[in-house]
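Quick heads-up: it's one chain on its own, the form predicted alone, in structure tokens.
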């Protein structure tokens, strides 16, 4: 593995879940070509009892089991000296800060990531003082942190040089500009009575860029209005957006009943 390649290290009790990432799609190709590395570490191997115990009952009572801190920290302490300095250690938890595109972009500048995948009722809280970030991928609960780790790996890896074939496409995606991405169309020009917007067929790239920008604004206002806060919008785009929004609101309003 080249020393300058980006390294993902995943601490997980289920390393086999990551086999698909190693073998499929662009990520699989990047791993095969040593553009990046992906290593799984089952911290059960760092247990000291004959049953390889990784969890125990929670103090104070309650359902479920809690992941013990000793084997996880032993694994981390053996792993971190092997990795480049300033490699972030990330604990995945529904109680963490929300993972966003800006964080993916920040982490893509570094030498790698160490991701801790929780299970059961989660980690003993004392492990948090040994990590750099506690992160969640959304306001819901999964069976474990492996799916969240895969999402972060995909989000970060695709920003690395040599992973995506057309790097220019990264600048036009949802969240890269703070907005959701505009709609896309391909052949056929008409599908079940719905045609491709005429502006996309005329070859006027300035008009196409304007249409795409405005569609991004409208889609964001419709689906993720919180992303619009603090956004600087051109006066003409603002006028267009306000008119489109008013038209949508009028179309969605219930028809008035004129009967006495």
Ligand code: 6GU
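Predicted, not measured: the structure shown is a model, and the values here were computed from it. Residue numbers count along the first chain shown, from 1.
FYI, the form predicted in complex with the ligand isn't displayed, but the following is about it.
- Only one of 136, 74, 80, 101 comes within 4.5 Å of the ligand in the predicted complex through a heavy atom, and that residue is 136.
- Distance criterion of 4.5 Å from any heavy atom to the ligand in the predicted complex singles out 142 from the list 89, 142, 151, 159.
- You can rule out all but one of 179 to 187, 104 to 112, 90 to 98, 124 to 132: in the predicted complex, only 90 to 98 has residues with a heavy atom within 4.5 Å of the ligand.
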